[in-house]
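Have a look below at one chain only, the form predicted on its own, in structure tokens format.
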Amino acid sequence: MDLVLVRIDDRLLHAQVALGWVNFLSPDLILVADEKTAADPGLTQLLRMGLTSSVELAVADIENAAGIVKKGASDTRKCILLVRSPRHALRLLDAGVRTESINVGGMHFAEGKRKLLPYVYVGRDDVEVLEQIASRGVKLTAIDVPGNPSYDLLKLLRKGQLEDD
């Protein structure tokens, strides 16, 4: 399985992904790795409604999603892998998923988070986890949609050191 995009986005599958990234990358499969979504058939059905019939959707918890990726290692399909948070991405790496890069496409405002980009807000825990991911040799980029500028997330984190709240 060719992971053409591994993306952290707290909204998971939405118009930017279903239209922008799908049209740009032409995946065969979108794999959503998220416990909450995997446990809610109605939510899974809602996600499926936003996709064309030519793109398969699979929804699984983190551990099972890692199994799908590893089992499909020799599969020639192109896959977009979506997770809700940096912690979920780290859990996938811990479960054996290998990727060279992760796109941070949407981490929205929440109390205690600081703005790095209009679509990326981070708190101390996020920074720690993102640094753990990067320490494994995974390149972290921030880009919301294809064609927009791409940013080196580690440079942004270093430039905008979080101050004590």
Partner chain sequence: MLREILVLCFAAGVCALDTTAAWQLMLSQPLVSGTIAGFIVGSPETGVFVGVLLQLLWSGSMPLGSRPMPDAPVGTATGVWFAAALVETGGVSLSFSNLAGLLVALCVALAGRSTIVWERELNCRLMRRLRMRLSSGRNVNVELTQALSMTMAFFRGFLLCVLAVGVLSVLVPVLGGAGGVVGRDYKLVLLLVQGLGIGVLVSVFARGVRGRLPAFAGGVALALLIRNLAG
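Positions refer to the first chain, counted from 1. Source: prediction; values computed, not measured.
There is another form of this protein, the form predicted together with its partner chain, and it is not shown here; the text below is about that form.
- Remark: residue 115 counts among the residues lining its partner chain in the predicted complex, judged by a heavy atom distance of 4.5 Å or less.
- In the predicted complex, its partner chain lies within 4.5 Å of some heavy atom of residue 19.
- Among residues of the shown chain, residue 145 is one whose heavy atoms approach its partner chain to within 4.5 Å in the predicted complex.
- In summary, the region of this chain contacting its partner chain in the predicted complex, judged by heavy atoms within 4.5 Å and restricted to 60 to 68, 130 to 138, 106 to 114, 93 to 101, corresponds to 106 to 114.
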